[in-house]
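Heads up, the chain below is alone and in the form predicted alone; it's given as structure tokens.
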């Protein structure tokens, strides 16, 4: 069976590389083909990598709190690029300040994300959800 391909990276003006490496390692060990575009990545970087590799999912990380701004319009751009069915996940410290996670999750779902993870969520949860969503 072919491995499912996931594009991972850290969006916006964010340079948090350690978490990105951990996610890469965990997904690779979980049986995924990982395309890691690294830190300081634009929406276009994620989309181009997904198109080039025929990816099944895009996993966005953000730790500096501006994920909501950085992700505005990402789903629409994916659709325009022919990635209508691609899974979009996001996790980390994706908003500024202490906010009720339920509200944060709702806002990101409205932005078109399939799964939204709070700060400190274990990558194993994301891998479990990914396998469920991709029917592996």
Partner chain sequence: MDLKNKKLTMAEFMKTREEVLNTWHTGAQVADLDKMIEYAKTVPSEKNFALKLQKAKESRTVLTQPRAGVALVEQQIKLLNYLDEKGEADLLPTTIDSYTRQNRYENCELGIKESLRLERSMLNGFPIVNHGILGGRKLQESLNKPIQARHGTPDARLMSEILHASGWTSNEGGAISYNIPYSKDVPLDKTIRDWQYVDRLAAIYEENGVPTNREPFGPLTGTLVPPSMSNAVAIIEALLAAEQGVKHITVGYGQCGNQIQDISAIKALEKQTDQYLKQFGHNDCVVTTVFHQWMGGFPKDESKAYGAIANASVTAALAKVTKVIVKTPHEAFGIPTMEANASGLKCTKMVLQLMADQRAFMSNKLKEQIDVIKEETTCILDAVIEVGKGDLAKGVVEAFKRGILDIPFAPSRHTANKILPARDSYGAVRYLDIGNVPLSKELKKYNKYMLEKRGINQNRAVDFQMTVDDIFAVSEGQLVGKPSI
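Residue numbers count along the first chain shown, from 1. Because the structure is a prediction, the values reported are computed rather than measured.
The same protein has a further form, the form predicted together with its partner chain, not shown here; the description that follows concerns it.
Undergrad: Given that its partner chain is left out here, which of 48, 28, 99, 54 has a heavy atom within 4.5 Å of it in the predicted bound form?
TA: Exactly one listed residue reaches within 4.5 Å, namely 99.
Undergrad: Is it the case that residue 75, even though its partner is missing from this view, gets within 4.5 Å of its partner chain in the predicted bound form, heavy atoms only?
TA: Answer no; every heavy atom of residue 75 is more than 4.5 Å from its partner chain in the predicted bound form.
Undergrad: In the predicted bound form, does residue 105 have a heavy atom within 4.5 Å of its partner chain?
TA: So residue 105 does not count as contacting its partner chain.
Undergrad: I'd like to check something about residue 37: if you look in the predicted bound form, is any of its heavy atoms closer than or equal to 4.5 Å to a heavy atom of its partner chain?
TA: Taking the distances in the predicted bound form, the answer for residue 37 is yes, it comes within 4.5 Å of its partner chain.
Undergrad: With the partner left out of view, is residue 122 within 4.5 angstroms of its partner chain in the predicted bound form by any non-hydrogen atom?
TA: Yes, residue 122 is a contact residue.
Undergrad: Counting only non-hydrogen atoms and a 4.5 Å cut-off, give the residues of 49-75 close to its partner chain in the predicted bound form.
TA: Residues within 4.5 Å: 64, 66, 68, 69, 70.
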